[in-house]
Every structure is written in C-alpha cells, then in structure tokens.
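Presented as structure tokens, the chain that follows is alone, the form predicted alone.
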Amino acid sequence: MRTESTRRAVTEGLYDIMEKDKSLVLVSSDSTLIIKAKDFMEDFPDHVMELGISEQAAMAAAAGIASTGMKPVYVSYAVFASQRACEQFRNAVAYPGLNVKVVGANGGMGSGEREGVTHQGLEDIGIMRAIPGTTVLSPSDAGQVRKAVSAMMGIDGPVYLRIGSGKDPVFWEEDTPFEIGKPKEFFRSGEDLVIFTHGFVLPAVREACEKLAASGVGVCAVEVGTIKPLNEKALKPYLENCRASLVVEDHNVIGGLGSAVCEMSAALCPRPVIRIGLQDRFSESGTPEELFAKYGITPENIVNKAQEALK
C-alpha cells in the first residue's frame, strides 16, 4: 500500500494557510524537523517560535500568542503535547478558551520501530477529549490531514489534531473532503454489524469488512475523524439499525473513540460494543506490522471479534 507522510502534510497545510492569513504562528518544542518545516522556517522566519525541548513553556507561549489575536499552531509528539504539557493546555489554553491548535505526531504505534514506546501517543485522545471545550480530530491519511489543518483553523478555540509517524498509508482519494463533525461511511454490505474507526487502521478495517461480507455478514464501516464533539445525530442511526458494533482504533481502549461510542450507546441506543485496541496496557517497540499483529489490530482479529459480537 502506498504511504505518505502526515507529518509533512501538516506543513503543506500551513503553507496553504499562510497564503491567506499571516496571523499564523508555528510554535515548536524542538519539533520543526518532525513536520519537515525547514523550508517553512526559512520562508516565514517571523512566524516561527522554536523553544527547544520545553513542551510546557511552548504550550504556555502558544497561549500567550493567542491572547494577542494571533493564531498559534503548536507541534510536538502526541505523548508530550497531551501529557507533559497537559496542565498548561488545560489551564492556560482550554480554560480561557484560547485559539490554540495543537498537533500531536506519532499518534498510536506506527512509530514503534524508530522512536520506540516512549514516543507513541497511546492515551492522547482520551486525555485531550476529557478537557472541556477541546475539539479532537484524527484524520486517516496525509490528504485528510492537509484538509484538517485548514478546517481546524476555521474553529475559534482549542483543537487537538492527531497525526502519524511519517510512513502513513494512503486510504482516501485526494479529492475526498474532510469536514469537521461529519463521519464518512466507506464500506457497506448490510447492517448486521457496524464498525466505527479512525486514523491509520482503516485499511485493516476495510479488509476485514471484505472478509465478513464474503462470509455473508452484512457490515458497514464508518470513519469518525472528529472524535469530539461526537456527531451523535449522524452516528445514532447506525447503532439503531445494527445488531452489534465494533470500534477499532490505535489507542488505549479506555478514553478513546471506543469509550465515546460506549457512552453514546448507553445514553441513546443500547447495543453490544466491542473495543479493539490496546487493552489497558502499554505497547512495545517494534514495526507497526508487528505491533498491530501482537495487539489484535488485524483483519483476522477484527473478523473474529465481529463474529463474537454477533453471537
């Protein structure tokens, strides 16, 4: 499968914005190289603030910049942006509702063979989702990330955008839109089972859907690229019409999309929900293929769990 860097896609999205809006400021804690922003730094030196390895200071600086009316985009690893700088994001950004956008790289296990378990963001969605007033986005490939960068700048308030490791599978056609709050159905053979998913596991989900459909199971699969606010109006009919549901995500099963779907199901439309992801444990270092196989984010395991859910 063809891959493309979601890290580079962030910088490409920022270039598009700078053509129209010179109030953008890139804030980094030794992370400009992560998103391949060397040219951006040279082209717009007055719109870059590099603070070195100091995530808390960088988040606080982004809050200060936003308070002047400028539009900071803070870039770091997902694990550090959501945890090391969590207090600054909560108290200095989200509490006053400042217009700060946070980009978290290495969301999930896709970086395992290079930077290891310490740099894998496996709890980031749950943490950022729990902070009031924060929009949480998880696009599924580089083209979607470019569009999500543009879309998030149209929101007045804090946004967390999760991206990958730099070798991310391309899933959607380039002209596929990314609309905040709008889920996208990408497979349908019936309504026995619905699978909700996000991020870079969509290829595995699609393969599982093809296997299930071939075995006679009616299944539909829905990408939920906006995890908060969850579009309950759009998602509820899927639960109403199915017998059971699965959530597949490269994240701890606690706090992520799976938790959000369980909350929605319990409140609006009780259905069995099986969550596929990290089962309340840390991952290890390794290639994405090795880690997905070990922790069950594979077409084969998705098929098995689907069959269990339908029983």
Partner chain sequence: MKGKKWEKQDLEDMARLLRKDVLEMIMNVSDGHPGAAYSSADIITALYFGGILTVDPERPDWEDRDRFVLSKGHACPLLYAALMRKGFIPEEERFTLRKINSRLQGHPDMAKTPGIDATTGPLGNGLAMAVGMAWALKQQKKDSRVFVLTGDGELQEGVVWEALQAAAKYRLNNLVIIVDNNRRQSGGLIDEVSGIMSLREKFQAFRLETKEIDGHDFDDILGGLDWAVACNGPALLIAHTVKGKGIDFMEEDNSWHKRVPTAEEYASGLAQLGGAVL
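Positions refer to the first chain, counted from 1. Bear in mind the structure is a predicted one, so any value in this text is a computation, not a measurement.
We do not show the form predicted in complex with the partner chain, though everything after this point is about it.
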From C269, V253, A244, V48: within 4.5 Å of the partner chain in the model of the complex by heavy atoms is V48
Note: exactly one of E232, E87, E185, E115 sits with a heavy atom within 4.5 Å of the partner chain in the model of the complex, namely E87
### Query
Is there a non-hydrogen atom of Q56 within 4.5 angstroms of a non-hydrogen atom of the partner chain in the model of the complex?
yes
| task | Although the partner chain is absent from this view, report whether S67 comes within 4.5 Å of it in the model of the complex, heavy atoms only. | result | yes
4.5 Å heavy atom contact, A92 and the partner chain in the model of the complex = yes
Item to complete: Examine L98 and determine whether its closest non-hydrogen atom to the partner chain in the model of the complex is within 4.5 angstroms.
Response: yes
For the partner chain in the model of the complex, the stretch among 31-39, 273-281, 256-264, 57-65 with residues bearing a heavy atom within 4.5 Å is 57-65
